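Same chain, two versions here, written out as structure tokens and called structure 1 and structure 2.
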Structure 1
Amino acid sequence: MKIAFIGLGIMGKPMAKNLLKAGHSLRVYDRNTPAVEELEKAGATACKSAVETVEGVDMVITMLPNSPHVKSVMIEDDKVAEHMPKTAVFVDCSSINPVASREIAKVLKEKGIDMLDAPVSGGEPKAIDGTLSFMVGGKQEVFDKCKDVLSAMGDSVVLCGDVGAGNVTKLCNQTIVAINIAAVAEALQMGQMCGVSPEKVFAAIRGGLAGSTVMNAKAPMMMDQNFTPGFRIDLHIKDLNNVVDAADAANAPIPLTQSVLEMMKVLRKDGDSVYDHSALLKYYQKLSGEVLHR
């Protein structure tokens, strides 16, 4: 397939490289010129603007930071939608507000263009390995057309509903991860302050009902005070703000998400939002004046 790929950051760059490896022809653009040059060396056609990427393509993929960026590129500033071939499909892999996904889909539909929202989980290592999990929203027939392309970048591609459903699912994922990290941090800190080593608590409970993928990944980082990202707190704040907006539009109660978001904002005020989201532990360390250790 001939694909336009816009947004070559931490995630977009390896995803685009995997599409090239799978034999697709790519036209790429990012504001950051070195990223475009790197993809050109890997075999893509370098473009000087987002609009230039869409010439003669079958699919347009974006991997941008948040809703305002996707709206700016597709319908507000660059207006890529106006230049896309009518037969091309738009697939947004960014994690954005589902309300914005539906707004963009509506504008595209008026032009006769189909859209999928297809955010991912897995982070940079899985983007490099091509083993991301895609949560997709859109029509079944559009999904069927695009599934092989997404499968070149991920090993799980699930259609969750109509447009917006991909990002709703991603927000559910981000809520569960954030609250789970906070629960692990709170419990390990409490355990240590009550006299039991976090290492023993982790070893004893990880195989039981309290155990989780989050606990296995983040408890060792917390005990080692290793907060190298991974997934930065400022990106997680972006996602939880999208949860707040989406939940507000649907009147959905989210007291736990709101609490963890407030904790993350305290860390951001102190300059800690550049760290991995496991640094939620720092919130408890600040309150207690005690540092977690093995």
Structure 2
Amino acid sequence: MKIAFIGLGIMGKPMAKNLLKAGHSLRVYDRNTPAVEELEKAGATACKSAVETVEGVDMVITMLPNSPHVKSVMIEDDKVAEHMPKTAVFVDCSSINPVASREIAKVLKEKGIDMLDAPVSGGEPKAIDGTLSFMVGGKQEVFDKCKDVLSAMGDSVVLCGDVGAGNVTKLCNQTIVAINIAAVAEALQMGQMCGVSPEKVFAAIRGGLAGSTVMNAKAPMMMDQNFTPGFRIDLHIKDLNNVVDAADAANAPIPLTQSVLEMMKVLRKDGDSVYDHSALLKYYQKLSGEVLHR
């Protein structure tokens, strides 16, 4: 399949590489020239603009930071939707506000273009090894047409409902991940301060009900004080702000999410939002004055 891929950041670049490995023809664009050059060396066609990427393609994929960026590329500034083939499908893998997804889909529908919102979970490691989880919103027939392409980048591809449902599901995911990371940090810090090695706590509980993928991934990072970003705190703040907006629109109570968001905002004020979201531990270390260790 001939695909346009716009957005080659931490997630987009490895995702695009996996599409090339699967045998798809790729036209790519990003403002980050080195990322474009890297994809070109891997076999993609480098383009000088977002509009140029969509010439004669079957699918347009975006992986951009937030709602304004997707709207800018597709319907406002670049107006890619006016240049892409009417037979092509637009698949937005960005994590954005579901309200924005539906606004974009409405504009595209007027032009006869189908859309899926298909945000992902798994962070950079799973983007690299092609085992992301896709949460998809859109029509069943459009989903069926695009599933094999998404499967080249992930091992779970689930249709959650109509357009917007993918991003609603992603917001649910980000809520659970954020609260889980905070709980792991809080528990390990408490355990150490009560005289028990965090490493022993982790080993003892990881196989029980408290165990989780989040714990397995983030607890070792916390104990090693390794906050190399796989998913940065500033991006998680962006997602949780979208959770707040969506929850407000639905009058849904989110007290735990609000609490973790405030913790992340403190870290951002301290200059720590560039780190991995496992650095939520730093909030507890700041309160306690004690550094977690193995």
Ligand code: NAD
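Nothing here was measured: the structure is a model prediction, and the numbers come from that model. Residue 1 is the first residue of structure 1, and the numbers go on in sequence order from there. Take the two forms, find the largest set of C-alpha atoms that superpose within 1.5 Å, and that set is the rigid core.
- As for origin, structure 1 is the form predicted together with nicotinamide-adenine-dinucleotide (NAD) and structure 2 is not.
- Each of the two rigid parts keeps its shape between the two structures, while the smaller one turns against the larger by 9°, per C-alpha superposition.
- Relative displacement of the residue 289 Cα between the two structures on rigid core alignment is 3.1 Å.
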